[in-house]
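Shown below, as structure tokens, is a lone chain in the form predicted alone; questions about how it binds or moves come after it.
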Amino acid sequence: MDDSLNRRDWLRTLGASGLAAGLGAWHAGHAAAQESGFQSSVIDQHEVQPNRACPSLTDGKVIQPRRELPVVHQTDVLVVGGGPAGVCAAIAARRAGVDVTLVERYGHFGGLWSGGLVLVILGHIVKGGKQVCQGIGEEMMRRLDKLDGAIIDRRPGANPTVDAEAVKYLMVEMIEEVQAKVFLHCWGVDAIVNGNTVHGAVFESKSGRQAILAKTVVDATGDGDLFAAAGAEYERRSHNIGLVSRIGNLDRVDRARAEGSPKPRNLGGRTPVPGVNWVNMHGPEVDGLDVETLTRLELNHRKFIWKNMQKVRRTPGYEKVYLMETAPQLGVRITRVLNGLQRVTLDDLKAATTFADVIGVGGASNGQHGEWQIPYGALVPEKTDNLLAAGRCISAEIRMADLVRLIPNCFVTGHAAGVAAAVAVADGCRPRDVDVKKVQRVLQEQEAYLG
């Protein structure tokens, strides 16, 4: 920002958004800090944190007291998690005509697709190059096509690669178009449950611990945080956890100097930004729910990536290549998987099993096999009500984990969960009792592919 921009100029630039009047009134009642080109004011000189109920230490045990939580919002459908599944769920439910609230722990949408820098789109095609991921996921691809420098290799039978910032921008645009309510920087920490029925969720943020009430909740956290908190049964798994990075100046490699030297290994795949590659990392198989393990991996991965890049830079001709960024989000692939009314299995994939309650079709990582149907029951907990799963944590056997978790298949299950949640709200029923034919009809109206 230009340091010469004074407060009056700044407020004028905000006028179109309606913020100027509110900010002007707010500053009028507060003493400003010493002039420095920035603005800072005292809000309250003697504030004490409200709604406190501090744990106490009793006989060596930390005891959390009972307390009332402020209800910050009420909604028809609450989607927890703003990754590919959650964003599709929110858009789908809103287009189906209900109020929707989307909560995300980071400051952006896209999950591992954007924040994790997993930029390649795998899993949307099957044998023969047929694309089975349609609906809102395909709409995102079409819209990325129209943004300069947002996507490459977008052609039939190919696996496109996106730019992370373009994805973040597009998702904001699409969420704002449907006018979904959004809370960022909020971590879902608990479910509001009476018996087996979920009535919303509890969140931690800089505003403290607050509650959002909802008629139906979609768990798109990736780790099944909400269905676990609600008491739904799940399978806990370990998997490889890596950390993705981007490297730059690959278009400035001195080919003459590089001749005769071994080419550095694992320079990644190209992105829409010229000279910039994204570099994936396999990582060790660990428990992605163990915070000490996550901490150790985060530290070790960052050191490894930096040291590896210094080796690359010592290779003749590659001196100008540099580490552009490491992903702010660790690459956790699988942790909790719901035990649902039905399960996605490899045997059903091989047999091309069809389901009367199909709500989506999955593809192959590189088009090496046929399509496989996803039954609605894979999104529904065995006993917990008013809750649906979407994304990598739906009910699927371990042999299907590396297909279910792929971004296009998260589009598909998120889209279905959003529509099902909206239909359940509109019809005043539990998600397990929803009219699946109505869900299928709405999905097809929203251009989803059901086989």
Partner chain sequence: MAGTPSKRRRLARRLIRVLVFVAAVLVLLPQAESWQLAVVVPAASPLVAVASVLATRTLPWTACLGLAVGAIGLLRRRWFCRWACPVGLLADGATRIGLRLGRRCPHTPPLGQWIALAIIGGACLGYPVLLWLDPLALFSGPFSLLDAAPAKAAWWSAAAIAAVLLLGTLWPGSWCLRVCPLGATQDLLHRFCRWLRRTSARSAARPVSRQVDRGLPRRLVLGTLIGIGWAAAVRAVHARAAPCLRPPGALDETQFVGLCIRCGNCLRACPAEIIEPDRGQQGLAGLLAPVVEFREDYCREDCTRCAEACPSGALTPFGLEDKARVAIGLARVDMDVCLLGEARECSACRNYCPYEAIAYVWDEVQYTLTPRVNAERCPGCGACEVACPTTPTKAIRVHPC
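Positions refer to the first chain, counted from 1. Please read these numbers as outputs of a predicted model, since none were measured by experiment.
Keep in mind that the form predicted together with its partner chain is missing from the display, and what follows is about it.
Of the candidate stretches 186-194, 287-295, 363-371, 95-103, only 363-371 has residues with heavy atoms within 4.5 Å of its partner chain in the predicted bound form. Across the proposed site, 122, 265 and 402 without exception bring a heavy atom within 4.5 Å of its partner chain in the predicted bound form. Of the heavy atoms in residue 346, some are within 4.5 Å of its partner chain in the predicted bound form. None of the heavy atoms of residue 246 is located within 4.5 Å of its partner chain in the predicted bound form. Put simply, residue 239 is close to its partner chain in the predicted bound form: some heavy atom of it is within 4.5 Å. With a 4.5 Å cutoff on heavy atoms, residue 339 does not count as touching its partner chain in the predicted bound form; it lies far away. This chain lacks the partner; the member of 152, 141, 281, 276 within 4.5 angstroms of its partner chain in the predicted bound form by a non-hydrogen atom is 281. The partner is absent here, but in the predicted bound form a heavy atom of 300, alone among 300, 353, 74, 179, sits within 4.5 Å of its partner chain. Shown without its partner, the chain has 333 as the single residue in segment 313-338 with a non-hydrogen atom within 4.5 angstroms of its partner chain in the predicted bound form.
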